[in-house]
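To begin, one chain is listed below as structure tokens, in the form predicted on its own.
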């Protein structure tokens, strides 16, 4: 069987590729290994307003559970710092519904969609899949790997570059008694004994329900064990989020971009390419951006013989530098000792600094805030360590 474009993976990256390629006239086949889209859920479900807008989903109220206009940061031993905005900055969504709507949009544009279809082998020309228990071969003009963390086909092709992984776990707690004001803020917790290598979070959904979770850098121990300890011992969680767990979600997040995301007629997109924000662990917005570019380039490769390397050039120009800086910021800030976190937040807990964060904070483009803070609060350089940060700043541009 021959197809113009075959896309492996029905998540945001894959469905964005399929929608754009079909929209531009290509014959597209979108494959999903699971029987249902958006399941199992492996994400906190917190999306920026920019990501929601970029998705082009018409009725946001169909997918949004709650909206937020700020965050509360909890350093290990210092007082919490509240950051608030004048408008809504982020939304929690039902990822299963969100992902299904993206696939529906791809189908509306003309893409063919199959569930229970897993990619098994790619020989550079033919793709072997397993569909409903039977092996089949497909010969695509362009193959797109949007397989997520497994990235089987990308591995077979020898594409490398992922630096490390985060192991994550989240529970949904119910029977809470949150105040109306609490619903406006996501809460973030830092500490070497809370979530080594990353952070923990509490995301209110309603006054009686919230998502509480964390990620730890691979090799730092069991994320599930850290979460159990966090829920039992953290005073904020015990006081505010002391509820009944009704389900758990587990996931893994890649950090660090592939060295190359194009090989002959193979493109790699989304988590499979490491297109994840290293400062937040979010992959939806980069996946939507890069998926759209991949779909456009794949379609034009077929109709106008556009070089597929254009995909590599365009996504790196659009968002690649930000993701590279994000990776270096991740190495700079996550994994610090508690005393260092406390000293940093002591400097941040200043009205002028907080105003800067409120004015320039951007979950999708954190580098703008980082450089603005260093300019407006140079004492942060001394706090973090002048030698350490100077070397890190040098690394940001190399």
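Note that the structure is a prediction, hence the values are computed from the model and not measured. Positions refer to the first chain, counted from 1.
One more form of this protein should be noted, the form predicted in complex with a small molecule, which is absent from this view; the next part is about it.
Proximity of residue 300 to the small molecule in the predicted bound form: non-hydrogen atoms within 4.5 Å are absent; the residue sits far from the partner. In the predicted bound form, at least one heavy atom of residue 146 sits within 4.5 Å of the small molecule. In the predicted bound form, residue 27 stays away from the small molecule, with no heavy atom inside 4.5 Å. For the chain shown alone, residue 270 is a contact residue for the small molecule in the predicted bound form, at least one non-hydrogen atom being within 4.5 angstroms. Contact check at 4.5 Å (heavy atoms) against the small molecule in the predicted bound form: none of 190, 216 and 366 pass. Here the chain stands alone, but in the predicted bound form its contact with the small molecule, taken as any heavy atom within 4.5 Å, falls in 280-288 among 280-288, 132-140, 216-224, 324-332. The single contact residue among 150, 265, 77, 174, judged by any heavy atom lying within 4.5 Å of the small molecule in the predicted bound form, is 150.
In terms of contact with the small molecule in the predicted bound form, the residue from 205, 83, 257, 119 that brings a heavy atom within 4.5 Å is 119.
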